[in-house]
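Next up: the same protein chain in two forms, each one alone, written as structure tokens (structure 1, then structure 2).
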Structure 1
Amino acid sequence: MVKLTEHKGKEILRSMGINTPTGDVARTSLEARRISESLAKPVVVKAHVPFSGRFKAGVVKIAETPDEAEKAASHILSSEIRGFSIHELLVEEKVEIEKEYYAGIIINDSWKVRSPVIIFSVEGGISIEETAKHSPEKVSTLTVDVLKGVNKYDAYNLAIRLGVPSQWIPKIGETLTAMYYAFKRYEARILEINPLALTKDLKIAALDCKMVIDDSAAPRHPELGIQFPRDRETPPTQLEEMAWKIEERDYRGTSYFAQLTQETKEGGYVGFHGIGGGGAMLGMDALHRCGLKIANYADTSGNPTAAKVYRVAKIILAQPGIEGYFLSGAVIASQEQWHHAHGLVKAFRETLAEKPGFPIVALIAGNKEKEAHRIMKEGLKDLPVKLEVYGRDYVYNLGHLALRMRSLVEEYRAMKTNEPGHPI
């Protein structure tokens, strides 16, 4: 999933006819000042980051004059939110608010629903989860039949049910239908306007916008300029960028790679490779429980080619400082596991010939499991690595594999520290 910036999200809303405050993005306090001067009215200066809770974190400020805007901007640019520094600001005209509503659309994945759901609330500006919990009577929802779409009257009913004054109902209904159109057009998973404000000059306007696009839809929307369609709060690392390009340019199967840390000096980190998300989680939990640390999360699934598996394995192995490779392929599914085996063997042979004792613990379960095990064992028998391969009997016993990984990592570390010339 990829979160669009607030500015980009609002651009989309405007293109759908939804009002938003006028404003622009600034990267310096001087730019913020210029935007404030050109708007010639009080402004709101906000950290342009993909986090909620900005107001509480003190990175949203109101400025009556360009001087104040410049000051607010320099204060925010030198602040942090959730440990991240702030590089961009959104400077927008300040809007006088009469009433705050909430409007959102999400995909409800539950097998009972499996549809977009429109949510409207007469309590805006606070989290919808809170409102739904404490005042469910202030929330109305509509499950959308994707074949029929949303007509205005369905949208009106959402507001009517909550007693919204009748003069605002058409505008709110139009906003909700326009939101649904944007949601569908850009293949979003989430579109949220919070608050959707009734302004003192009697307009309905989106004061904030959170839009999350399905990452597999990103290549279909070059107009969104998404370089790295992954749900990350930090800029991608070099390896993550490489991994994304592999995925982007090869549609056969899926691959994912996220580097969890680049600081692996203190040791105990293993490269992690899952086949299928659920089984991968079991593997990660097991490793954590026995005190190992995971340098990355990776997943190759959906019947990828051996070539794709090879490339992802090479990226995992390119992480400096990792002391082992853990494959968590707890999948009993339709994909033929020999492709994973061929891809891994090629990557290991090219990378590990000079790393005696490097541990590899691999769970490969599923279709063509026996053949995959044979390929792994035969393909690596002349390599100086420590290889252990497990099959379907261990799918529910990943704790054992994690313990084996720990022992092998300890042996490998001991071996390295005893190497002549190696600093102990």
Structure 2
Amino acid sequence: MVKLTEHKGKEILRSMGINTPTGDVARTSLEARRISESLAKPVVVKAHVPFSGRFKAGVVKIAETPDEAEKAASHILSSEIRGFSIHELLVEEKVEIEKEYYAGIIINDSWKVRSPVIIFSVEGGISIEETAKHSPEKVSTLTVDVLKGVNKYDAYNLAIRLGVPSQWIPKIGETLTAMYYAFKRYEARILEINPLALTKDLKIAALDCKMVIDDSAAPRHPELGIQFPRDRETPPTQLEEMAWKIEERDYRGTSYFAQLTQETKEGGYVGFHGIGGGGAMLGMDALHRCGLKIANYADTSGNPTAAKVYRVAKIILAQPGIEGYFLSGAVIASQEQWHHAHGLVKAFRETLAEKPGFPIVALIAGNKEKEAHRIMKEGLKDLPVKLEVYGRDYVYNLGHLALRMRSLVEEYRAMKTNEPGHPI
């Protein structure tokens, strides 16, 4: 899933007739000043990042004048949030608030529901989870019949049940109805306005917007300009962008790559390749318990082609500083596993010929298991790596494989330390 920026989400809301504060995106403090001058009123300067908790992180500032806006922008642009730099700001008019509400739509994928659910609360500006936990009487919900959709009376009832003053019910109802239309139109998984404000000048306005689009729907909405349709709270790394290109137009099986760290100097990092998400987690847990660290998470499953496996393996191996490769196929897979073997052999032969002793522990089980093992062993027999291949007997014994990985990593590290010219 991909989280839209606040500005993009608000563009969609405005296109549906929902009020939002006037503002624009700035990339420099001078641009922030110009926007503030053009608005000619106090503004809110926000870090334009898809993170929650920006206010607590100190990257949302109120500015009464253009001078203050420029100063606030300079401060935020020089800040980091969760280790990442801030490159864009959203500068908007400051709105005087009379009352804050909450409005949201999610997909409830419980087998009992499997429908969009509209959530409305008379307590906005705080976590809806907290409100639902401590003041459930302030929250109303509507499970949507997707064949019938949402009419204005459904939306009115959400507000009426919570005692919203009658003069605001039509505007809130129209906003909720428009939100559902946007949610459906853009194939969203989450659309949240928090707060949905009643302003001092008696308007209903969306002061914030969180909109998450189903990544499978991203190609159907080129107007959104989504370059990296993954639900992440950090900007993609170069390798992650490369990995997305593998998946972008190739629907034969699935692949995924997330780089968990770019700093591997302290050693002990292993390139991780899973087959099937749940089973792969067992491998990650086993490696951690042995004191090894995971440089990345990658998965190839759903019967991918050898070409897709090869390209993902090349990206895993492109990470600097990794001291081993762990393939965690901790599942009796129905897919034809020799595709994995062919892809891995090609990637390893192209990448590891100059890395003698590089450790590879591979667990491949399921359909074409024996053939896959034979391809791996014969295809890599003249490569100077330390290869160990395991099958179905070890699907429930990941601990043993993790210990073997650690031993091979230690041998590899000792071998490199003893190389002529290696700094002691």
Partner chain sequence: MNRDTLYEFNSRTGRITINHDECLACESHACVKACKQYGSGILKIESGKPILSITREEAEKGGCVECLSCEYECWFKGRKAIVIDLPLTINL
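Take the two forms, superpose them, and find the largest set of C-alpha atoms that agree within 1.5 Å; that set is the rigid core. When a residue number appears, read it as a position in the sequence of structure 1, where counting begins at 1. Quick caveat, the model's predicted, so the values are computed rather than measured.
Visitor: Between the first and the second structure, which is the form predicted together with the partner chain?
Guide: Structure 1 is the matching one, since it is the form predicted together with the partner chain.
Visitor: By the 2 angstroms cut-off, has the C-alpha of residue 354 moved between the two structures once the rigid core is superposed?
Guide: After core superposition, the C-alpha of residue 354 moves 2 Å or more between the two structures.
Visitor: Rigid core aligned, does the Cα position of residue 35 differ by 2 Å or more between the two structures?
Guide: Residue 35 C-alpha, core-superposed: shift of less than 2 Å.
Visitor: Supposing the core is put in the same place in both forms, how far has the CA of residue 389 shifted between the two structures, in Å?
Guide: Its alpha carbon moves by 2.6 Å.
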